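Quick setup: one chain, the form predicted on its own, written in structure tokens, and binding and motion questions come after.
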């Protein structure tokens, strides 16, 4: 049983429902929350990278004006352990002991009547440290190494034999600097206790996870914890864990018996949250003379914090990228005295793609095969590992349409052959296969006697348009207008939903909404009287349109929703929809398709100054059925901008003696600005996915993947220099 998608509203480029609220400053972010009687908390963080706290003297701070508490490991109560999630373990609890494991570790939280008072008092806390030499280099022999921590290594075929027998081999090493997520909204937590009941406003992409974590940490029932986040000022993956500052805010509120608010500073956003791990990859490929890949050995090493567990599998998507019969992948993490690396848009996939697509470009020149053609030769017509047919796959179309629209064949393919005065011109491209993901989701749809509906789910809108696409889909399924639909999300008391992360929320939520719409239509049919033409019909035999139901084969036989509910004295009718696509995928006779894409980029390089500029960038994307053409395009554009940052600007720099982050401000940490963002064009191709009930694929992360490789490949075309480390800096181009 399924509700019919009518494509009446779905896919249309509606403006975001929250657009006016955000443009006028009326959208309530966690940092906007203010509770009567609240105190303000400020973090004091370690200025050393490793060692111990010998002593803490908070006497002067406690005597400062407005201060109500100074909390440290010396007076903090014991805390429980947060549970594991599908994305790894929780960060190390704050105030666990006297050890300092990284620069910027929280060593005290100062609470005062006003934030300015807490900030001033924090400077008065005297901490005596015993300093140790931090481990900051992945090659440091003191560093502990975690090999294949997640059991995801691949060993298909005989890679070494295939490499030995290949006509052409490739062996390259790629390095990517650590990047920090840097959403514009400073992460904020506001906590209030009522006995053992906790209400918390938090900058999170996963309210249900924060609820479970805080319940376990404070030993209270999950039902007694409510997490609210109607709007988030960006996250890019940073909101997928319960961070120590959130726990400390709730701890302070509980100890003081009053609401407490804590907002991180911009430098603390670098030390208190996650970041894209530093990584090193060695990629070996074996290729036949016809360009077909015979073997791939992809080995990756990434940084990890000293005593934390975080899912990091850089090469997880490598076996699916192309049709390669012999594949081996290896992942390891090296423990360093750094703030914990975590998720940043397209974790793993963005890094691995840089290596694979750069290597293919290099091979294309060795083999004398056009880069686009080389990828078409190695296209995976079926899933490379299972041999099952894809539920959808328009990667070929992405490549061919992109080449045509970009004018790829009009270039001179020889390196250093194109210029405009003193500017070298380069063309580059990359293919993209992004992993599939969806978690269980529940959504309820309630219709009132006027025929309007409310959709409820504990999902979040992190700026991607969840409110809008949920309303569009619901209105399309039930034959309503957008004005008839209200979407309520961002509250853990609502029906459980997965995180807004992993490009899986839209797929999971859309399937749950479709399920709920079908059940609501079924309930409406059950409620009609004996004389109704709808009596005894199935969901598949009716059509929802114009605020009511009619028979599919008779446009004049039907009733409005108002008539159905009003005739039977029903104030409202509620149905619950669910989806569990990951479970369904285990029994599917097809390979669940990821999003696919191709990037084409033109760059210029000032020959005298080494200045790299992106002139234009085309993204051709197979995203299945689009829920909203405008928000989908915005997703890809936003990802492309982040890809430019990854390729050309972003590098979190650690002082190698102390572990201090040397560029933890927007004045020093470079991100793309308007002058760095060129003409960005987006084209969507492909058909609705056959496995996803709504035909939808996730688009949140595919936009960033492949951009760095395309830019690096364009640099080679312009200069003849191969870029194997990111970001690409002026010194590499001079």
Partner chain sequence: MVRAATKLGSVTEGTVILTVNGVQREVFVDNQTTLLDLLRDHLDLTGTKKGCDQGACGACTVHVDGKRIVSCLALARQYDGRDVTTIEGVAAEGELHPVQEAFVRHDGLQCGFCTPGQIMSAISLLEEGRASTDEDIREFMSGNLCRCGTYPNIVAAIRECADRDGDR
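Note that the coordinates shown come from a computational prediction; the quantities given were computed from them, not determined experimentally. Residue numbers count along the first chain shown, from 1.
This next part talks about the form predicted in complex with its partner chain, which is not shown.
- Listed residues 254, 630, 488, 379 were compared with its partner chain in the model of the complex; 630 is the one with a heavy atom within 4.5 Å.
- With the partner omitted here, the residue from 165, 547, 638, 389 that has a non-hydrogen atom within 4.5 angstroms of its partner chain in the model of the complex is 638.
- Heavy atoms within 4.5 Å of its partner chain in the model of the complex map, among the stretches 460-468, 132-140, 86-94, 379-387, onto 460-468 alone.
- At least one heavy atom of residue 114 is located within 4.5 Å of its partner chain in the model of the complex.
- Contact check for residue 677: a heavy atom falls within 4.5 Å of its partner chain in the model of the complex.
- In the model of the complex, no heavy atom of residue 691 sits within 4.5 Å of its partner chain.
- At the 4.5 Å threshold, heavy atoms of residue 642 reach its partner chain in the model of the complex.
- By the 4.5 Å heavy atom rule, the three marked residues 80, 575 and 701 all fail to count as contacting its partner chain in the model of the complex.
- Residues from 122-142 that approach its partner chain in the model of the complex with a non-hydrogen atom closer than or equal to 4.5 Å are 123, 124, in the order they occur in the chain.
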